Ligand code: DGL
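Below sits a lone chain in structure tokens, taken as the form predicted on its own.
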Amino acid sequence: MDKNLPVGVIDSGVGGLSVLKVLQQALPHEDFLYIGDTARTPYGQRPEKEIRAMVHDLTDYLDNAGIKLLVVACNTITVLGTESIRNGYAFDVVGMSKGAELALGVTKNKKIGVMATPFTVASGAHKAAVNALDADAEVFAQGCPDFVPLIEQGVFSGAAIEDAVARYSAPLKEAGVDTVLLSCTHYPFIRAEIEKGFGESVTVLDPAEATALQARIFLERAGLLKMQGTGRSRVCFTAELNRGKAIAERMLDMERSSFEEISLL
């Protein structure tokens, strides 16, 4: 594997840009090839068979383009399993961290909330990850189907966001959680609104930093880590390029990023 190849990053839309931002910071010499499937977002409310077919389109594109590692910047896709996503390609796959260690290191009452897409919640993956480390911890998962469509539309604050945060935080507040994992990469875009909705007694966590660390560790161990040069990011969307670029401005180093619209079909 050529260490000069880019690191591939995939997401169902613009949410993974929050992960790409952290990757740019953690791996400043690396090039990235990001694909956000804005033509078919959101994934989180679709059947598993349909999600798998769309993910295959993304990974085929990246395999043809040439990458040395794939970072899945989407919890819904990660739930499919990294080996399943790899599906025989030459590159390895790093999925989104479930944040179990992070949450257990913060919580005081061992009541942990998870905000995610309905598909991710139904998988039970985050509860399993937390309980594998601490069987006594209680995990309360809340599906938040309205968040992704709003964020994809570029809505990050205002009445619609406040209403959605109030509805989705209410069951978690009632459960008495003191820690909440943002288990969808779109949600960091509205982290401030979520934190405001929960109040100071609840800590809101983004697992993206743990994901970037996992990617760095893999590249180091594989002898693929670039140690010099200024990395650049090629950011691709499958629809609505201008909207995607406008949202990217909230997250990325734009001087190190280029943008284009692509077709996967």
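Numbering starts at 1 and follows the sequence shown. These numbers were taken from a predicted model, which means no experiment stands behind them.
Not on display, but discussed next: the form predicted in complex with this ligand.
The partner is not drawn, yet in the model of the complex one stretch among 131 to 139, 157 to 165, 73 to 81, 101 to 109 has residues with heavy atoms inside 4.5 Å of this ligand: 73 to 81. Heavy atoms of Tyr43 reach within 4.5 Å of this ligand in the model of the complex, making it an interface residue. This ligand in the model of the complex comes within 4.5 Å of a heavy atom belonging to Thr117. Residue contact check for Val177: none of its heavy atoms lie within 4.5 Å of this ligand in the model of the complex.
In the model of the complex, no heavy atom of Leu181 sits within 4.5 Å of this ligand. For the residues Val94, Val121, Ile194, Val148, the 4.5 Å heavy atom test against this ligand in the model of the complex is passed only by Val148. Using a 4.5 Å cut-off on any heavy atom, none of the residues of 234 to 262 reaches this ligand in the model of the complex.
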